[in-house]
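We begin with a single chain expressed as structure tokens, specifically the form predicted on its own.
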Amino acid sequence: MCAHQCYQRLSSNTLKFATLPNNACINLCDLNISRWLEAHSDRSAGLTTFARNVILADVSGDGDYKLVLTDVRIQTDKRSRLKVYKGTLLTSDQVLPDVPSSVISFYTDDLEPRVPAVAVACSSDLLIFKNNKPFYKFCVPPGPLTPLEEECWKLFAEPNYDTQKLITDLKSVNFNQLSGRSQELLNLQPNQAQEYIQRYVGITPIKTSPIVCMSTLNRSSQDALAVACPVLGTEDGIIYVLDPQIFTVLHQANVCNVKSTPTIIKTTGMYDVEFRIVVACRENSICVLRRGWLEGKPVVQLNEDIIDLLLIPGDNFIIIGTTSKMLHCYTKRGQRVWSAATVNAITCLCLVPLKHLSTHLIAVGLKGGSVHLYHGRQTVDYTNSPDTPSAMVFGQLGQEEHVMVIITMGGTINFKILKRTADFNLSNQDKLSVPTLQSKPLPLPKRSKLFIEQSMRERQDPMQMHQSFQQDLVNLRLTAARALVQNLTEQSGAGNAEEQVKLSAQILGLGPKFTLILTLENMNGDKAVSNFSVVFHAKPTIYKLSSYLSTVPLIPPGLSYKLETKVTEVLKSGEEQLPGQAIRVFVIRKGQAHPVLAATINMPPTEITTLLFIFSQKFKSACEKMRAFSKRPPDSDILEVYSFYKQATLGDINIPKPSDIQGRAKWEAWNGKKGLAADLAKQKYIEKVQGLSGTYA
């Protein structure tokens, strides 16, 4: 006699023990130890659902993740339902108005507590729930009717119309291009058509396209609790990206440039930055949409039907399961990486993220009840379900992080928990699972002479090179910090609470020419402001302005007016550059002596690099002007100009004294400027040429 006990984990904090009969002795040595714990299996659940209709979400915002699914009923006498399970206990059961096609969950805002919304696609409506209660309903925008259908329904309102002829005309139109009303009319018996037409006489039909698939796209962050946008795919082949707060269309695009009906949507990236939407189509093609595109681009065309699709995070590999018992892997550009055959027909796929192992597995549901787990193209594990899986989901349920929920075609719901000690022997599989695309050698460039010389320098004195790099990096950071401080100080603002106007200023440019942008804002939300003028005051010896007086037009309530003024710094030769000076700005109202607003704008000094460039251009211009003199200056002036030029371009004299009279005079003039700095010599040259140009130019 021996008694054994096994436990089943029903939820995150509930354990149920079941005592086996005394004669049911099990020899564990004869069993293949599984990496999965069988937590619960309910064969009487009677669920009918499909892939993308099952999710795990924290619907209450308390950290207790729940199972959310749709129980699909196609029969006319039964209604589909939205069900929520807490562990294995059904806590919510709501009737849906139509057959659901997909379920998603997403966060609509950053408010606390963080409660996600659950959205269910029913026909052309997106039903949004929060806290298991109806929250909002979004309707897909209607599409245009075909001219023939619109004309037929107008003729139905005429007193003498031929019903049979008009119905025949409607049948000539492609069934998918008709509105739901016309489609229903064509499916009625002839004796029922007349009564149906009379019910809608004078009412123009509306063509709405049902939502066939959905996904979510993060708005501006990759965090797990980040706000996300719903992404909808319709029967007409249109992709809608919705605003998660006001549920309006942010972006609309066609799946492809040819007629394609989406069946599966996967997304990556962020809407506000860059994103990629991967769409599997009923026409056995894979299309990709990117930010700003109005229609997708086909990247993969298959010869067999697509069962399910996954997008591997990080590498963005596209995993496709097909009806030919094949599992394919493609890059985001459509290049095939590998293919693997399965033992049975594929029914669904599920992504198994394992953060503690820094990897992702692919769970493949197979006909007959097997679930195989792949790492790349290699099978690393398998488990069984009571029946053929129709939908699978993996993630956190309750407080347990690694739970797989399998719903079978027979209606059974099965809960499995991944053991914390499971490692799948991935270290041994890494070499086998490397994609063939990555095993190709990289096209390394040949070693050039420059590369070899640089390598030799790095080997000879690596410490000095590293110190130089660190010094330049510190200087770069210091320059960036100074620029930031300068930019912040250039932003100035002043306001008048009584007049309800605000003045702000911004300075653009490195000098000596700046652009001064003034913004006058009307802070009154009900009343416009007018009769204002802006007066600038600056020292004419320092700054010259393009305009000193500007009239401000009427500013509507809550709006602002921008005014641009060109400012030129006066650079005097031979004087040291002064630090940035101030420009006074006055906002005055017509008929008043005192200004409404007064502000002081501190102008930045001209950048030293700009000054050097201007100084170099002046010296070059002076040289050209000297050569273009129409009259010859006296020899004494020519010798002085010559000496300044030589000292500015070559420095101190470096040649022996010539013996001839002319050469000796030039040598003595140049030698007389010995010790004079090059910049000062250039300045003296410019001043001397300017002095001579009035007489000899």
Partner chain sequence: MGLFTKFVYLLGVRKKEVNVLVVGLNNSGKSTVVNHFKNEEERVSEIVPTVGFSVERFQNQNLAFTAFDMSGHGRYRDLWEHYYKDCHGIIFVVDSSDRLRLVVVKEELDLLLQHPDICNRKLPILFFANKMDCKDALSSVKIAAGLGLDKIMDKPWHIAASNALTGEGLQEGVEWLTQQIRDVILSKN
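Positions refer to the first chain, counted from 1. Here the structure is a predicted model, which means the values were calculated and not measured.
Just so you know, the form predicted in complex with its partner chain exists too; it's not on screen, but the next bit is about it.
In terms of contact with its partner chain in the model of the complex, the residue from S358, Q75, T421, Q464 that brings a heavy atom within 4.5 Å is T421. Between its partner chain and the residues E38, D42, E668, D652, the one pair within 4.5 Å by heavy atoms in the model of the complex involves E38. At a distance threshold of 4.5 angstroms between non-hydrogen atoms, D98 is out of contact with its partner chain in the model of the complex. Proximity of E401 to its partner chain in the model of the complex falls within the 4.5 Å heavy atom cutoff.
Taking the partner from the other structure, its partner chain in the model of the complex has a heavy atom within 4.5 Å of a heavy atom of T88. Mapping the unseen interface onto this chain, C348 falls outside it, with no heavy atom inside 4.5 Å of its partner chain in the model of the complex. Per the 4.5 Å heavy atom criterion, its partner chain in the model of the complex is contacted by stretch 391-399, the sole one of 589-597, 276-284, 391-399, 174-182.
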